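First, one chain by itself in structure tokens, the form predicted alone.
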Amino acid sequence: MITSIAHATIYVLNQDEALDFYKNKLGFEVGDDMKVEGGFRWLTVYPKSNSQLQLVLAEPKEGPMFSKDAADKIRSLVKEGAFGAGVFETENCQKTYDALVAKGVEFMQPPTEQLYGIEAMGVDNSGNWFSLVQR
């Protein structure tokens, strides 16, 4: 029986720049940052309040997981904003939104009342959108 999800992948265009964004703008902690055989970098981050689900910041590159063509296609889709990084929960959407905007985080939608709570829609520095939700 599967009991939990430990990691989810976010494709990013540059791992160093993504690490700076998720750590210094969103306030995430670094989980793992290591290079393994072949130069593959395993880089994870998580919100300070929850280390149970870590986000893998992965650069699509030609190698064992992707052909050059597949890696190029994924990078192109990331640039176009075709992927979502997930739903990040907060206790106060407006306060968190204001703090993130002050740090230079771009939003496509300010905090807005929805059926499920208050939601703002942001974008990371690779082009992945994310939802910031207060329930």
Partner chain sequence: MATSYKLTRLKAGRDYIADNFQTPLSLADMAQQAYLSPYHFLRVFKHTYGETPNEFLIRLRVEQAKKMLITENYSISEVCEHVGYTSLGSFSSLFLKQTGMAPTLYRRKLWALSAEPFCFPARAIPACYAFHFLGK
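Positions refer to the first chain, counted from 1. Note that the structure is predicted; figures quoted are calculated from it, not measured.
Note that the form predicted in complex with its partner chain isn't included here; everything after this is about it.
Taking the partner from the other structure, its partner chain in the model of the complex has no heavy atom within 4.5 Å of any heavy atom of residue 47.
Using a 4.5 Å cutoff between non-hydrogen atoms, residue 105 does not count as a contact of its partner chain in the model of the complex. Within this chain, residue 7 lines the site of its partner chain in the model of the complex, having a heavy atom no more than 4.5 Å away. Contact annotation: residue 95 falls outside 4.5 Å of its partner chain in the model of the complex, judged by heavy atom distances. Taking the partner from elsewhere, every residue among 31, 36 and 39 has a non-hydrogen atom within 4.5 angstroms of its partner chain in the model of the complex. When its partner chain is considered in the model of the complex, only one residue from 71, 100, 78, 58 comes within 4.5 Å through any heavy atom, namely 58.
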